[in-house]
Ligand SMILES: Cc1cc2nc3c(=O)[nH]c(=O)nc-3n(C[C@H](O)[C@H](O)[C@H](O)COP(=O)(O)OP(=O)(O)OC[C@H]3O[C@@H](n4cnc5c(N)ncnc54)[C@H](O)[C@@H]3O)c2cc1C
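Next up: a single chain in structure tokens, the form predicted alone.
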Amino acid sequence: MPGARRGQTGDVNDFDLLVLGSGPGGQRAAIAAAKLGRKVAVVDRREMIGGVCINTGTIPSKTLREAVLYLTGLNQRELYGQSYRVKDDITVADLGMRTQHVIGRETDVIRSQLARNHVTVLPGVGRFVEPNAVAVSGGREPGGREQKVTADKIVIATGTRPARPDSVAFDEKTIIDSDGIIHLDHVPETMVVVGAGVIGIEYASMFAALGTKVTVVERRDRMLEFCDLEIVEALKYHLRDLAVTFRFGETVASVERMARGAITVLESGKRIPADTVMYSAGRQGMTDDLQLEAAGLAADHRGRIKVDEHYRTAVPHIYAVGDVIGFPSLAATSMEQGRLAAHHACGEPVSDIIDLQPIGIYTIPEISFVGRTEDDLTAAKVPFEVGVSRYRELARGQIIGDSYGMLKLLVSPDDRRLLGVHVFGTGATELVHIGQTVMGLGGTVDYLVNAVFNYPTLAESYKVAALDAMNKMRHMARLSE
């Protein structure tokens, strides 16, 4: 057996590396180990190849967003008027067609990548029976019998599912979680979104763009607390323009299902009727069925597994990556965690993950940032200057009809390095990488001032914002002379 090693019992194990879950983290871990010449297998259900990311989470939601933007003609209304529509009566079928097409294509790509790298796919659900052994059920064995698989190293990449409060009677039709969105049989006229986190606000903005009257209920005083306050306020203003109602500082007491919809009852006494109620109450690690105790492991109350800087669990030959280990729970970081864990498991030298990681929020409009926020810097007593560019001042902004977008640079007046980049508007999740690269290479605002950007582009906003910050710092220097 090529690459096989002796396990704890002295027996030859079936695989060098066994990965539980085929989402972004698991997939990258498996392929990275395979590229290093190891014998690798991945365990996942046939219908879930690609994990939650491909089937119910990231890819479906972002594809749905693109379908909404296209079919509503929302981005073109600045140019052609508020009544502009590509399609007047948008149905779930219209939205689902694009989503299912992309899911199918992405699943094929993942299967092809695994096959091309000679990664064995074991269809089914895995559970630990020993620290080095996993029982896979629902796979190839006749009559659904379990198949025992052993491995030198194991990577847990099972991901998460939407957390469901016990007090809420989910019915998959009227009262749903974020996974249930793509299975709706109609576009609701009214909707309550419970939770103003990333997922809740993304879906709230999509349905608001479709014309649904959305009410967002959030127990905290603001949404997206980790984002720049000015950017969040801009998003809030835009969503209110799409008729979204916000109820901050409110807690849901109960949800009463009615013959035609549901009534969300708040602890303050407010009653909000809606066709659909969507709960976005965080995520729960999918570790319930892993029988972690058989491997000498345990998860916390949210199903998350604790790991060290190399993504090793308390059992040294077992690793965990992706959403199942908690923050930041992003597909992009999960991929890198999977790659790094696989390299460490294979004894290959590898650099640590770079701390400078971008955050992308696919609301309508998009938000993306990298580095520190104004609030963070102020609390840490770190001086900074702000440079701002607004899309309406750019030729490209006028061409695409985006009058609300903006890019903000936070610059150190001491050494002129970039401390943070915050973008709101069209292409924000793409634009942020320019700032990320400059920051990662230790560049200063001077580079952006002196660089030549294609014209007309949104990337030109970097030069405009850099000049704004530079002029402010120059003015301060003159006053200080």
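The structure displayed is predicted, hence computed values, not measured ones. Start at 1 and count along the sequence shown; that's the residue number.
The next section is about a form of this same protein that is not shown, the form predicted together with the named molecule.
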Among the candidates 152, 202, 366, 228, the residue which, in the predicted complex, approaches the named molecule to within 4.5 Å (heavy atoms): 202
One residue of 234, 331, 224, 388 in contact with the named molecule, assessed in the predicted complex (non-hydrogen atom, 4.5 angstroms): 331
Touches the named molecule in the predicted complex: residue 157 (any heavy atom, 4.5 Å): yes
Interface membership of residue 61, the named molecule in the predicted complex, 4.5 Å heavy atom rule: yes
Residue 48: touches the named molecule in the predicted complex, heavy atom cutoff 4.5 angstroms: yes
4.5 Å heavy atom contact, residue 340 and the named molecule in the predicted complex: no
Proximity to the named molecule in the predicted complex (heavy atom, within 4.5 Å), stretch among 400-408, 284-292, 377-385, 345-353: 284-292
Contact set, 347-364 vs the named molecule in the predicted complex - heavy atom within 4.5 angstroms: 362
